[in-house]
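This document starts with one chain, in the form predicted on its own, laid out as structure tokens.
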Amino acid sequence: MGATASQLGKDLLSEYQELTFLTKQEILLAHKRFTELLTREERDLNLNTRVPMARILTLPELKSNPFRKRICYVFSTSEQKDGSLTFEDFLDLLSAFSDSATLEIKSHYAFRIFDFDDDGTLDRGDLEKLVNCLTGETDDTQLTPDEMRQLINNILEESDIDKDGTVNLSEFQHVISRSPDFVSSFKIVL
């Protein structure tokens, strides 16, 4: 643990604590877990080393999350849009999913994760992908086209306040604010 703390440096550790919803202990654990994903050669480089999404997805905390790839894409700052994460990207991810993150932060990132086409709205295509992620896309669990259409119509009826056929961030946050389980279920703990 001491080696990890010295690798980060006291000032950097304090800065990360100030900029995230994470405690020093959580940041140190995050650093340890991130470092374990690096190859021996990558460990010798600086904190800007990128871990490919395939390695990030081996973390048990993400492995069973149906949105694991979207989570990586949303938090990745890679110009290649490949879902790879730097340590700071990884901290941002853990911060947004921490128990201490606000409803506003959590709902903002949930919206971005569910906005599969990154157009700033949840349209029928996004909602269908969202439902398929939640139900699984096997023959046993996948909804029929009629069931899917009805469910999406119900979602839009409940959520689309301005009746434009999509759910924007504000409408999404309004719905989430009425869902008491959201904050406690939108989390990843190392």
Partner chain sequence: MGGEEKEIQDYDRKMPRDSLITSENDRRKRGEEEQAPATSSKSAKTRKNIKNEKTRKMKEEGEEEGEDEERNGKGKKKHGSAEKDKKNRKGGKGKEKVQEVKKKKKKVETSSEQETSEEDDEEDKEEKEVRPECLSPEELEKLKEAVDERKKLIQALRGKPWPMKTKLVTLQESQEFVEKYEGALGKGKGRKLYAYKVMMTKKWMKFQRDFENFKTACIPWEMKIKEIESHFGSSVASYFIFLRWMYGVNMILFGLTFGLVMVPEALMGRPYGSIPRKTVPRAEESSAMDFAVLWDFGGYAQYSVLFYGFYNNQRAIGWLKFRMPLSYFLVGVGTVAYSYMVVIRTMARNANESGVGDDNSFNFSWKTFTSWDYLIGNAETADNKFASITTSFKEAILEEQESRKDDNIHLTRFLRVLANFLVLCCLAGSGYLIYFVVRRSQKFALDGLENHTWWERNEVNMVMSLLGMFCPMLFDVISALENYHPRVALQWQLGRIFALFLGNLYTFIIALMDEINIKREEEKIVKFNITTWEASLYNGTVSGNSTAPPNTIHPADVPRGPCWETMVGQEFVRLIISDTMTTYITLLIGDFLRAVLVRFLNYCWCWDLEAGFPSYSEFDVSGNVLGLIFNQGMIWMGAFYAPCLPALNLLRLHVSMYLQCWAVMCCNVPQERVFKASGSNNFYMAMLLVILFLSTLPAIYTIVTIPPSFDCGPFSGKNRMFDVIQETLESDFPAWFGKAFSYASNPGLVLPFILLMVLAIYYLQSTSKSYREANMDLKKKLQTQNEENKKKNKQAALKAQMDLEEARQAAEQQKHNNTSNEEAADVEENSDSGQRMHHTKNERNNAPPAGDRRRQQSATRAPVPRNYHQGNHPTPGYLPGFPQQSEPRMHRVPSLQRH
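This one's a predicted model, so the numbers in the text were calculated from it and none came from an experiment. Residue numbers count along the first chain shown, from 1.
The same protein also exists as the form predicted together with the partner chain; that form is not shown, yet it is the one meant from here on.
Asks: Even though the partner isn't displayed, in the predicted complex is Ile56 close enough to the partner chain, meaning a heavy atom within 4.5 Å?
Replies: Ile56 lies outside the contact set for the partner chain.
Asks: Do Glu88 and the partner chain come within 4.5 Å of each other in the predicted complex, heavy atoms counted?
Replies: Yes, contact at 4.5 Å.
Asks: So in the predicted complex, does Tyr73 come within 4.5 Å of the partner chain, heavy atom to heavy atom?
Replies: No, Tyr73 stays farther than 4.5 Å from the partner chain in the predicted complex.
Asks: Any chance Thr77 has a heavy atom within 4.5 Å of the partner chain in the predicted complex?
Replies: Although the partner chain is absent here, Thr77 would touch it in the predicted complex, with heavy atoms inside 4.5 Å.
Asks: What residues of 81 to 113, in sequence order, lie within 4.5 Å of the partner chain in the predicted complex by heavy atom?
Replies: If the 4.5 Å heavy-atom criterion is applied to the partner chain in the predicted complex, 81 to 113 yields Glu88, Leu91, Asp92, Phe97, Asp99, Glu104, Ile105, His108, Tyr109, Arg112.
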